[in-house]
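Just one chain is shown here, as structure tokens, and it is the form predicted alone.
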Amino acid sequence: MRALVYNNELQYLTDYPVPRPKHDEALIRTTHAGICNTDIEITKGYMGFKGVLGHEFVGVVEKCVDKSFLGKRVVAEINLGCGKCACCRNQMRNHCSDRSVLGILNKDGAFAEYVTLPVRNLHKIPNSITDEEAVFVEPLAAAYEIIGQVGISSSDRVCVLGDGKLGLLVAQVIESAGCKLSAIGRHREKLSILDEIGINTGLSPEFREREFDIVIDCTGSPSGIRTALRIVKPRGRIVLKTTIANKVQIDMNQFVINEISLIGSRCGPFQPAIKAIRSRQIDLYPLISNVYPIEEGLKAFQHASLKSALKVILKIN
């Protein structure tokens, strides 16, 4: 099958083996998949992963023990827990110490004609959601995870740092909490997407030190946490969404001296994300930079790596 495979270099292959589903898994024909910043960081050494990349996708179930899924379009949660440990038993398989993660850790991903995943990870997609929109369910779910982790009140001054794909999604989700929201970025043309829907935006130098109760770092840059520390109030909270290959050195004393809480945030709930897309609460098409056939996958990665790029999507089947 056709696939984009990383093995110390990114390659487009036409003879990669079709995966065989296990007894509890479905075989899914991938139709579209989105290139995430995590995919780009993997090609720089993040997680030490080798294999088929890709974890944001939509596809059609072709084989499955659960007949209700056959022929249905689905998206999928990307963490595969062991099902036996304390984390899995307590509904935290995202933190299973023996987990695999689609296209990131010990599990071939979705930049291929076919992918396999446990049936319990699948979510059906309604007909009113297009394939291009469905690609955003996984990253949008990660944005909704913040709402569940951090109690945001109407009086909170909240800042979303970063005007990339995730930052623009997070800003739209946090705006629904009714707080005093600002989004900070470096690219006025990207921030204009938020301006159009009434979210306050600005460039980094426009904001004062110690201005925000909550700062959410979606920069994908080592500088993000440093900026967050500069603009968060004493006893404020920083939510860290950024994952990068390079290690970051920061002054940990600031967390103690200013009594700042640091909250890591990763994957999130799919159903709120699907509901938001279905109700058109989140505007996704302005976030799509281009759609490439998988045969042009290397070119698509080059495009996705540009600072000016937002979501680049691969059309696979």
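What you are looking at is a predicted structure, and each value in this text was computed from that prediction instead of being measured. Residue numbers here begin at 1 and follow the sequence given.
FYI, the form predicted in complex with a further copy of the same chain isn't displayed, but the following is about it.
- With a 4.5 Å cutoff on heavy atoms, Asn258 counts as touching a further copy of the same chain in the model of the complex.
- Contact annotation: Ile244 falls within 4.5 Å of a further copy of the same chain in the model of the complex, judged by heavy atom distances.
- For the chain shown alone, Leu262 is a contact residue for a further copy of the same chain in the model of the complex, at least one non-hydrogen atom being within 4.5 angstroms.
- In the model of the complex, Val119 stays away from a further copy of the same chain, with no heavy atom inside 4.5 Å.
- Screening 141-149, 157-165, 124-132, 186-194 for residues having heavy atoms within 4.5 Å of a further copy of the same chain in the model of the complex returns a single hit, 141-149.
- None of Ile199, Ile231, Cys87, Ala177 but one reaches within 4.5 angstroms of a further copy of the same chain in the model of the complex through a heavy atom, and that residue is Cys87.
- Among the residues Ser153, Ser97, Asn106, Ser223, the one placing a heavy atom within 4.5 Å of a further copy of the same chain in the model of the complex is Ser97.
- Heavy atoms of every residue among Tyr46, Val248 and Arg266 are located within 4.5 Å of a further copy of the same chain in the model of the complex.
- Using a 4.5 Å cut-off on any heavy atom, none of the residues of 102-120 reaches a further copy of the same chain in the model of the complex.
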